[in-house]
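So this first bit is one chain, no partners, the form predicted alone, shown in structure tokens.
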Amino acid sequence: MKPLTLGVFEHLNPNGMSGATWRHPDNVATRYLDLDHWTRLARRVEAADLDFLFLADSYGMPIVDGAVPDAAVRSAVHFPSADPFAVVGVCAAATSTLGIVVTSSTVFEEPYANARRYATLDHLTRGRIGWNVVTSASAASAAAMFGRPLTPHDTRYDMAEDYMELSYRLLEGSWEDGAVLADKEAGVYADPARVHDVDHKGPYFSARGVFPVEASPQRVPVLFQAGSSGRGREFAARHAECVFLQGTTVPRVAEAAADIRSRAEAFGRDGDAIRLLVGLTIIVAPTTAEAETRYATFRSFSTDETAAAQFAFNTGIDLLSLDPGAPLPADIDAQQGQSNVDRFRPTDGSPAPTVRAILDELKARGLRGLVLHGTPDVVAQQMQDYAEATGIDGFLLESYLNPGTYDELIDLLLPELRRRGIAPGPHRRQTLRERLGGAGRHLPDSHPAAAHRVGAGR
């Protein structure tokens, strides 16, 4: 088995992905607005040779009947939150080889401003930046804050296709490699013949002019995406280099993995080159008894109210208002979060879970993927078995305690993964794309972005 790809999932919020673990006496996540909090974490993740630090984001928040539920405010369930772009620079300055991935929405960010931001970060990080492309979680509440109507689910993906096309033109289509001469004696900073206009008129976005940022080390940041719906999978297969899958059952994850790789092949891409990752929370201790105690503590911070607030964040649906003995209504509006509704609608003929069962499931893990607990050898074996059974390439590690989760990961689990030969390798100076298995710094010719690259015989 090849080494696993392992990234660390964080967001600028005092809480984790389930319950109210910020209340744990040893949790320092409430310092999320302290720069030192992020520089310490970035250095530690890099020193552990993990592949990247992933900074999640959403403009939205949990909303029920037009208001943030009191439970979300009291328990810090996806509220409050702050802008992750504000800490990317300090994390980059604190490290030299760690990949840094940050989320940006194709619905609420303008393509030109977004491309300019990522191109600049790609320069400043020397090619270590990734873009988590989202069509927006909590889209209804975010739209309300922007004073816009909710864009329907499939339309958001139509917009995203046009958004990516324009982004590729900006990042690949203005500056040739070698355009910058910086020749002081000749008085020529850049060769005008190698700098080109971009002219895009799409169904949703338009731009005309010269992109002002020089070609960056990767040109296009490494493209991450998480979409489990049919449209989401199609988008991932066409564009993404790393795809996050919900860690539901082994058969469903295996089916999703095979489907995305097959769709990528249909687009002329190498399906096996796409990194498929599942969210994972690990609770590890030296003994089974200690691991069980820690797991019970983890679960003790969840209630029906926090579970319902978690679900409302991604779907806008108030589980507490529904019949607990019935499944989700067939006609319920899933426009805001199709994937998280489909998660509780089986396609294998098995009975749909009741609302009560959904609340219990969310109390156990919230919007997390897998939750594995045990001794280092047990958890490492479970990770290995899961990856082999599903065909995924690695995991996005979702903390529930800081620094506790990282203590368990770095001091207990990683040594066991290394013993098995499935931990990420040592960091060296390379781009994030190369770190994740790319053949070079740039996207391959089979990717749709490459069609817009200027120069080099194109």
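Note that residue numbering follows the sequence shown and begins at 1. This one's a predicted model, so the numbers in the text were calculated from it and none came from an experiment.
The same protein has a further form, the form predicted together with a further copy of the same chain, not shown here; the description that follows concerns it.
| query | Hey, in the predicted complex, does Pro324 get a heavy atom within 4.5 angstroms of a further copy of the same chain? | reply | Residue-level check for Pro324: no, no contact with a further copy of the same chain.
| query | Applying a 4.5 Å heavy atom distance criterion, does Glu388 contact a further copy of the same chain in the predicted complex? | reply | Answer no; every heavy atom of Glu388 is more than 4.5 Å from a further copy of the same chain in the predicted complex.
| message | Just checking whether Leu443 would be counted as a contact of a further copy of the same chain in the predicted complex - the rule being heavy atoms within 4.5 angstroms. | response | No - in the predicted complex, heavy atoms of Leu443 and a further copy of the same chain never come within 4.5 Å of each other.
| field | Contact flag, Thr30 vs a further copy of the same chain in the predicted complex, heavy atom cut 4.5 Å | value | Close contact exists here: in the predicted complex, Thr30 approaches a further copy of the same chain to within 4.5 Å, heavy atoms only.
| Just one stretch in 418-426, 61-69, 46-54, 405-413 has heavy atoms within 4.5 Å of a further copy of the same chain in the predicted complex, so which one is it? | Contact criterion met by 61-69 only.
| query | Quick one: in the predicted complex, does every one of Phe267, Gly271 and Ile358 get a heavy atom within 4.5 Å of a further copy of the same chain? | reply | Verified in the predicted complex; spot residues all out of contact, no.
| request: Would you mind picking the one in Glu161, Glu290, Glu109, Asp177 that has a heavy atom within 4.5 Å of a further copy of the same chain in the predicted complex? | output: Contact check passes for Glu109.
| task | Select from the listed residues Leu245, Val87, Leu171, Ala236 the one whose heavy atoms reach within 4.5 Å of a further copy of the same chain in the predicted complex. | result | When a further copy of the same chain is considered in the predicted complex, the option within 4.5 Å is Val87.
| query | Which of the residues spanning 174-196 lie within 4.5 Å of a further copy of the same chain in the predicted complex, based on heavy atoms? | reply | The stretch touches the partner through Trp175, Ala182, Asp183, Lys184, Glu185, Ala186, Gly187, Val188, Tyr189, Ala190, Asp191, Pro192, Val195.
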